[in-house]
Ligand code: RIB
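The chain below stands alone, shown as structure tokens; this is the form predicted on its own.
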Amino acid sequence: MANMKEIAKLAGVSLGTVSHVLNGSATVREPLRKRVMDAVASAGYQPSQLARGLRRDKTNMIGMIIPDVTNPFFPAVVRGAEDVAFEHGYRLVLCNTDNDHAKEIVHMNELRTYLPSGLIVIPSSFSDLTAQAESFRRSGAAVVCVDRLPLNWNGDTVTADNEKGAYDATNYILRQGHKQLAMITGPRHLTNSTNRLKGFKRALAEKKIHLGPEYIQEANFDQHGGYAKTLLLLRMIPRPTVIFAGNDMIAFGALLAFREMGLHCPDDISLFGFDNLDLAEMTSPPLSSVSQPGYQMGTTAAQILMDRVRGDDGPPKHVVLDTAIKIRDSVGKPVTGDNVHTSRTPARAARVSRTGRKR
């Protein structure tokens, strides 16, 4: 591969002129600049981003760390961030933590050695990034946290209005006449999960509806957790007439549990999710869900980071994006009849319509 000296010789200019053109360190007359770029194209020259970063104290790389690459919500956030980064001439490098804080720290420490211009983080479970973030900041790199807030964090953040989304969804459920509700939350140490639970409880409190603590179950934000906790809720007496899932992955697990127990949604039990994944429209029945703008979360975080890279040293920015409820077919009127108070097995289940008549 050609080097800068060979480019200079091929273009008939000095090495300094080539450096100014490639690094943008000084203005070069257009005819000379064109000769250099023609020589670069002809020779197939690729500048070393790491070498350039050593000269500038940072590269054009943006690091992004997410907790679970298999969760369908996160790719939209990543895509939004990557689109903005690419538009501004930066390249996004993605790391997955598997919700493991120790792995998260390893990624952060290693990314720092590549002199990134910034870092976008969706924190893992039990995440405390204060020391690592300060290390990035001291090196001149910006840090933005998205979706969840780590412990003791006072930097830039982009989140969705999780509490209002859950509040609006719960109010819709209550308007359908449900009084025996249950919720499967995500891990309660995560800020997005706790805020969704707050919204759920606030709506119930306003309607003076009391639920025993056993009707609020905690699970990981995945299908397996939703499945296991739904089976537990379905065996309770009285059985809930509706389950509000802390995210759509939990809701998908709940649908599997309904099927295993011979229950039909929403004829026997209703279900509401959170995230509004594309898959929510494809389930049977299509899933009602709270929509949060994943792509916009990514673009907003990346734009804040671009502003920081370009010299914005103002106070921390805390952007909270709106949510909206998407109503589909998974929520109906509460079931009437004895099946509310018993847990039926598939072999003995008699389907009951929304009017209470057997069919």
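Keep in mind it's a predicted model, so treat the numbers as computed, not measured. In case it trips you up, residue 1 is the first one in the sequence shown, and so on.
Quick note: we don't show the form predicted in complex with the named molecule, though the next part is all about it.
Problem set entry | Option touching the named molecule, based on a heavy atom within 4.5 Å in the predicted bound form, out of S117, T230, N247, T170 | Here the answer is residue option N247.
For this session: May I ask you to choose, among F73, Y90, F136, F252, the residue with a heavy atom within 4.5 Å of the named molecule in the predicted bound form?
Result: It is F73.
Exercise. Exactly one stretch in 103-111, 78-86, 189-197, 203-211 has heavy atoms within 4.5 Å of the named molecule in the predicted bound form; which is it?
Worked result: Going by heavy atoms within 4.5 Å, the stretch is 189-197.
For this session: Identify whether the named molecule in the predicted bound form is within 4.5 Å of every residue in the set D156, T299 and K317, based on non-hydrogen atoms.
Result: Spot residues vs the named molecule: no contact at all.
For this session: Using the partner position in the predicted bound form, report whether D268 sits within 4.5 Å of the named molecule, counting heavy atoms only.
Result: Looking in the predicted bound form, residue contacts with the named molecule do not include D268, since no heavy atom lies within 4.5 Å.
For this session: Could you confirm whether D147 comes within 4.5 Å of the named molecule in the predicted bound form, counting heavy atoms only?
Result: Yes, D147 sits close enough to the named molecule in the predicted bound form that at least one of its heavy atoms falls within 4.5 Å.
Exercise. Using 4.5 Å between non-hydrogen atoms, is F221 touching the named molecule in the predicted bound form?
Worked result: Looking in the predicted bound form, residue contacts with the named molecule include F221, since a heavy atom lies within 4.5 Å.
For this session: Check whether T323 has any heavy atom within 4.5 Å of a heavy atom of the named molecule in the predicted bound form, and answer yes or no.
Result: The answer is no: T323 has no heavy atom within 4.5 Å of the named molecule.
For this session: Could you list the residues in 270-285 that come within 4.5 Å of the named molecule in the predicted bound form, counting only heavy atoms and keeping sequence order?
Result: Going through 270-285 in order - heavy atoms within 4.5 Å of the named molecule in the predicted bound form - there is one hit, D275.
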